[in-house]
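The chain below stands alone and is given in structure tokens; this is the form predicted alone.
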């Protein structure tokens, strides 16, 4: 049975950054991702300003596109902030997750791909984490001092399957990736657009959707 100081369950941006930070500080950490490849879980992206690129020392390889203008379309009005310079990026989440995992390994951390979390047993001096291989060919137990739940709103590690969870308030959004003509792409390639208001939200509840175009 392998033993670690910290096991991080979930190879998303949060889990990857936690593992990267711990490994950089010399902690014996294991990052667990249920898919065999980050390409299999590549369903999202995110727009942000340029500052976090430096703050988190991110590689340009994680950038899907740069944007200059911010456009917010509300139910009745539209608000635009225009610039002649790059103001932010749209992240490529596959590349971001791959980068954080590689950074974890670069600092002598460990990454286990293709293993799904199935349960934990809390002992007096440790936590035993049970994992199932993606193809269900084997079950693995890991011994650790601390386990970090990076499974997002599912909270699979924090709470057991049949355990009642406290209510969590979540913001939801819909992201559209659409194929457009070159002319339309050129008109929108430097813009980050958000749609706010009841016209774009389910049953009129507050929410937003992010729309970006790709060549």
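Residue numbers count along the first chain shown, from 1. Since this is a predicted model, take the numbers as computed values, not measurements.
Although not depicted, the form predicted in complex with a small molecule is the subject of the following passage.
Engineer: If you check in the predicted complex, do 117, 151 and 154 all have a non-hydrogen atom within 4.5 Å of the small molecule?
Structural biologist: Yes, all three are in contact.
Engineer: Which one, 158-166, 54-62, 27-35, 183-191, holds residues whose non-hydrogen atoms are within 4.5 Å of the small molecule in the predicted complex?
Structural biologist: Of the options given, it is 27-35.
Engineer: Hey, in the predicted complex, is residue 99 touching the small molecule, heavy atoms inside 4.5 Å?
Structural biologist: Output for residue 99 is no: heavy atoms all beyond 4.5 Å of the small molecule.
Engineer: Tell me, yes or no, whether residue 41 is in contact with the small molecule in the predicted complex, where a contact means a heavy atom of each within 4.5 Å.
Structural biologist: Answer yes; at least one heavy atom of residue 41 falls within 4.5 Å of the small molecule in the predicted complex.
Engineer: Could you tell me if residue 146 has a non-hydrogen atom within 4.5 Å of the small molecule in the predicted complex?
Structural biologist: Outside the cut-off, so no.
Engineer: Against the small molecule in the predicted complex, would residue 46 count as a contact residue? Criterion: heavy atoms within 4.5 Å.
Structural biologist: Taking the distances in the predicted complex, the answer for residue 46 is yes, it comes within 4.5 Å of the small molecule.
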